[in-house]
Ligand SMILES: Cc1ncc(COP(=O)(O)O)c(C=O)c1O
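Shown here is one chain on its own, the form predicted alone, set out as structure tokens.
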């Protein structure tokens, strides 16, 4: 086991000292997002989950429908936002070996319920095919919301992820590329929806000095500890504690509650991300280079394959997802790799129906493909801290 050295499991952008001091740089973070995406409205929120919640509250004012379709394999915070908005969850299983919604399955779900929205999740920074999803949503008069929490900078068919539907949201959480430790952005893609989203956020996001002060301190902690020699203390040590107790959900940070914060974000934290926005494209280029190296190396290992972008698309790959032929093979690989400190991890422990604290609110669907994704995948970090030597060690263990 690696002691006192741990590469982060995702390619979060480190905060540089000058970022903390660039508080009066011209422009704003919201302007950065509007310009980068080419959208009329982008509002900074205290988390990606809060951004999604505000979008759902906006949709309630635009339609009286009540059901939101989610992929079977997604962060459990996503359905919690739906439930907090007083809406219902419907599940759609994924395609085999991909994160895309199964178009045939989606058409069946859309035909049978009062669908308010279909959520497209660009998981792992890989754009999903939006055309069949948008077509299914339009067939039942539903809105399309893109979950771009891990996909800032990705592009699908020549357009940025987050600009293909009606609304989208991004995460500025720790480890999600640009970060203010915990934050998000809610986007209205079309001008006719911009005012409604603005009014919803102004109504629901309140000033909370105590919560925001805590986030500022956590951001300073991120600046100090987000490096391999210190990350072990704040990430791997608590993870090992919960793994020893047999609680993988807590070990991977997936125990959430529906009363997530929705407070306003201070200008100070926004200014830090605004100062680092210019490094985004360079960071994405490095992530793609590391992902390409992993694809070449992992192709030499029998029994696994990587989830990659569609032809013509551009993924940002904050990590590489490898799918093993069987859950048993994945578990064996995890036993050999998880203690090396080289950024190997698991995306989500379960498919949505299998989280105990969600069972009362999530339909008991078979979701065989989502469950297979949860049971048979590992992720490999593309962090800037990862070296070719680190990848060589991982490859050697996998080949064993």
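Treat the numbers as computed from the prediction; the structure is a model and nothing was measured. Numbering follows the first chain given and starts at 1.
If you look for the form predicted together with this ligand, you will not find it shown, but the lines that follow are about it.
47-55, 23-31, 328-336, 353-361: which one contacts this ligand in the predicted bound form at 4.5 Å, heavy atom to heavy atom?
-> Going through the listed ranges, the match is 47-55.
Identify which of 320, 123, 284, 116 has a heavy atom within 4.5 Å of this ligand in the predicted bound form; exactly one of them does.
-> None of the other options qualify; the answer is 123.
Contact residue in the predicted bound form, chosen from 91, 78, 197, 137 - any heavy atom within 4.5 Å of this ligand | Contact check passes for 78.
Looking at the partner-bound form in the predicted bound form, is residue 348 within 4.5 Å of this ligand by any heavy atom?
-> The answer is yes: residue 348 has a heavy atom within 4.5 Å of this ligand.
Using a 4.5 Å heavy atom cut-off, state whether residue 127 contacts this ligand in the predicted bound form.
-> Flag for residue 127 set to no.
With the partner left out of view, is residue 274 within 4.5 angstroms of this ligand in the predicted bound form by any non-hydrogen atom?
-> No, no contact at 4.5 Å.
Contact label in the predicted bound form: residue 291 to this ligand, heavy atom within 4.5 Å | Answer no; every heavy atom of residue 291 is more than 4.5 Å from this ligand in the predicted bound form.
Within 4.5 Å of this ligand in the predicted bound form, all of 342, 383 and 386 (non-hydrogen atom) = Not a single residue of the candidate spot has a heavy atom within 4.5 Å of this ligand in the predicted bound form.
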